[in-house]
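What follows is a single chain, given as structure tokens, in the form predicted on its own.
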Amino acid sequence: MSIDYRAEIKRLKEKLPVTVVGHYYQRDEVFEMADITGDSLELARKCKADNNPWVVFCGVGFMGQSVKVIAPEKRVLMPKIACCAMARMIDGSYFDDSVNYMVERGIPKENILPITYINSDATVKAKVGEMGGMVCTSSNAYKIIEKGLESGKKILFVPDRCLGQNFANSMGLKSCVIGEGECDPKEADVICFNGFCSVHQLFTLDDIAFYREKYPDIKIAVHPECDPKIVEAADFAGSTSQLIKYVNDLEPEEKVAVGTEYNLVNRMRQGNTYVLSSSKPECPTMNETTLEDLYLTLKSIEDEKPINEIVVDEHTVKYANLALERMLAIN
């Protein structure tokens, strides 16, 4: 006999002291089952404020870790501990290598201020915290980098080179990417790790040209994880929440092509909103979670045999939280 996953998920949610959390990029049937939806840091903060002791987080691994860092008292499970490809591009050793790269080229370690994008492992956030650095999101990176520059130190931005370069460009700063051409940290304000989001690399100048030719007055809105050439050619660049607001604020008859993850764009304003890509820009790891996975995770709580629990050690929690708190203090 087949299981009605939706009905069972609803039953378990009513029975258990649990909150189901869904990131914007989750597939529709999972997203619709969530009690709380949003972007990564926003979700972690909402989980902290929530009264339930159990969190089932539908997203990728670093997001579940963020809840444990901000609210270590919570029991956090993930239907799939899917891994963000960008977050996997850097670990503690690669972070240390990046610091050493700058030191070897004449920048004393005490003159380096690391800033890590929220899309990173908790161990990287902890190393950033230990060096006096901060976390940022795509919506506040400008403010965080601007504040960081007040220290007079060189900014080491990890792991997303595009986000670092785009915000440096918007601030009139010089940036370089470690491992990409000649990157002299003495000549740059923002030194970027060579990481990227594979989904946001799908958008091209040809895609923009196609829509501008087809609809001369169309707006182009993209995420700052896109390549700097794409951001420069767009009418608007902003975080997930900023993109949603931008599109919702347009007049119904205004056309817009959006350069970000497919599931999010597909749920935006219907009718005159298009996906800025000739292929489907769907995040493969965000789409790993299924209704069956969500059901089995909730059932494991009912059976008192929880699965896929997120565990972060005390040292990492302490220093990763410190990096987050520095960001929140600026916000």
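Only a predicted model underlies this, so the values are computations on that prediction, with no experimental measurement involved. Each residue number is its position in the shown sequence, starting from 1.
One more form of this protein exists, namely the form predicted together with a small molecule; it is left out here, but the text below deals with it.
- Residues Y25, N119 and S138 are all found to lie within 4.5 Å of the small molecule in the predicted complex, as judged by heavy atom distances.
- Comparing 37 to 45, 266 to 274, 64 to 72, 294 to 302 against the small molecule in the predicted complex, the single stretch with non-hydrogen atoms within 4.5 angstroms of it is 37 to 45.
- Checked against the small molecule in the predicted complex, the candidates K154, K80, K219, H200 yield a single residue with a heavy atom inside 4.5 Å, and that residue is H200.
- Interface residue among S98, T240, T123, Q165 relative to the small molecule in the predicted complex, by the heavy atom within 4.5 Å criterion: T240.
- Residue contact with the small molecule in the predicted complex: R161 places no heavy atom within 4.5 Å of it.
- H223 belongs to the set of residues with a heavy atom inside 4.5 Å of the small molecule in the predicted complex.
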